[in-house]
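Heads up, the chain below is alone and in the form predicted on its own; it's given as structure tokens.
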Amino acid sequence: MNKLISIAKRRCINYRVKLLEMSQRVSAIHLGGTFSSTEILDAIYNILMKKNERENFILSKGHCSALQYVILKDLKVLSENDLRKYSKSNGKLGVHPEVKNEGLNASTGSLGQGLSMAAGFALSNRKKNVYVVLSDGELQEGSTWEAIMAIRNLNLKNIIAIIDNNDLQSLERSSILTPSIYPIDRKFINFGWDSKICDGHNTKEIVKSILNRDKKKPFCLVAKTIKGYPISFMQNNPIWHYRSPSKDEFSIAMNELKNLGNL
């Protein structure tokens, strides 16, 4: 396991390097929330999810699609040329995922819809796990709570939901704007789910929490993350919900990642 985690750490650094490079071609790549989701998506795609389960992954948090594209390129589903044209008028990959593209199973970006889609996937085949990644901001949507209730009523124990709980939206903290969603894990437990909290930047904790879940219930992992992690000037700064780094900021961020991973 330790070797697997070490490889994952290296992978996540490389993914962030690639995202930074992409940010120099795109004005709004949502780097802050994308960086907070990196270990989560890496653990799902590269450790937890079997190849024949990839059609059962939904990125409900659609604004961090660039990370999904980078991982799919690493898995040879997408090409380097696809990434070069990301968000360009002549490219096929947009700021939000579209189901028409290779490796993408749902068109998302309008927050609050992904968990309902996951319920449909899980209902169509109860023998396969369905993974769905949500933002904590989506817990403000009534459709999310309707899906949470319906999933338990339908006993869809093959659903694994991971919430990127970076507690920071485009302007303010979720815990300040909507404090009633906390404690998130207890809310899911009260709806009949199994739920745990983990460090969302710790791959070992993510994997262990999901593997040791109660498989007789749907499962929600509340992954505590930091928006903009691990870049010093991006962390917990809401401005990085949208903007891309300047050339100087790009250089600083790249140096921090290189020092972190000894690239």
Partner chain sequence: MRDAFSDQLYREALKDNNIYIVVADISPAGSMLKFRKKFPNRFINVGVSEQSMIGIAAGLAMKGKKVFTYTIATFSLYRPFEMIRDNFCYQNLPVTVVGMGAGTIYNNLGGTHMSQEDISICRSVPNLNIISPSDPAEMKSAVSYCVKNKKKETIYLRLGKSGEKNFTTKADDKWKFAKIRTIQKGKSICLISHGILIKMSFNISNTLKKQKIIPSIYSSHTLKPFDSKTFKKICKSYKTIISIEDHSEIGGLGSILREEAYRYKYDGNLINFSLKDKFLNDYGSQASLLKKHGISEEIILKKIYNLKK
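Because the structure is a prediction, the values reported are computed rather than measured. Numbering follows the first chain given and starts at 1.
Form predicted in complex with its partner chain: not shown, discussed below.
Peer 1: Taking its partner chain in the predicted bound form as the reference, which of L83, I181, M117, I71 has a non-hydrogen atom within 4.5 Å?
Peer 2: Looking at the other structure, the residue within range turns out to be M117.
Peer 1: Would you kindly say which of N105, N155, S175, S87 lies with a heavy atom within 4.5 Å of its partner chain in the predicted bound form?
Peer 2: Checking each option against its partner chain in the predicted bound form, the one that comes within 4.5 Å is N105.
Peer 1: Is there any non-hydrogen atom of S143 lying within 4.5 Å of its partner chain in the predicted bound form?
Peer 2: The answer is yes: S143 has a heavy atom within 4.5 Å of its partner chain.
Peer 1: Taking heavy atoms and a 4.5 Å cut-off, does I189 contact its partner chain in the predicted bound form?
Peer 2: Residue-level check for I189: no, no contact with its partner chain.
Peer 1: Using 4.5 Å between non-hydrogen atoms, is E55 touching its partner chain in the predicted bound form?
Peer 2: Result yes; E55 sits at the interface with its partner chain in the predicted bound form.
Peer 1: Is L134 a contact residue for its partner chain in the predicted bound form, using a 4.5 Å heavy atom cut-off?
Peer 2: Close contact is absent here: in the predicted bound form, L134 is far from its partner chain, nothing within 4.5 Å, heavy atoms only.
Peer 1: Quick check for you: of 72 to 80, 94 to 102, 158 to 166, 189 to 197, which stretch puts a non-hydrogen atom within 4.5 Å of its partner chain in the predicted bound form?
Peer 2: Heavy-atom contact with the partner occurs in 94 to 102.
Peer 1: I have N14, V17 and S27 flagged as a candidate spot, so tell me whether each of them has a non-hydrogen atom within 4.5 Å of its partner chain in the predicted bound form.
Peer 2: Negative, none of the three is within 4.5 Å.
Peer 1: Given a 4.5 Å distance limit between heavy atoms, list every residue of 146 to 160 close to its partner chain in the predicted bound form, or none if there are none.
Peer 2: Contacting residues: E146, A147, M149, A150, L154.
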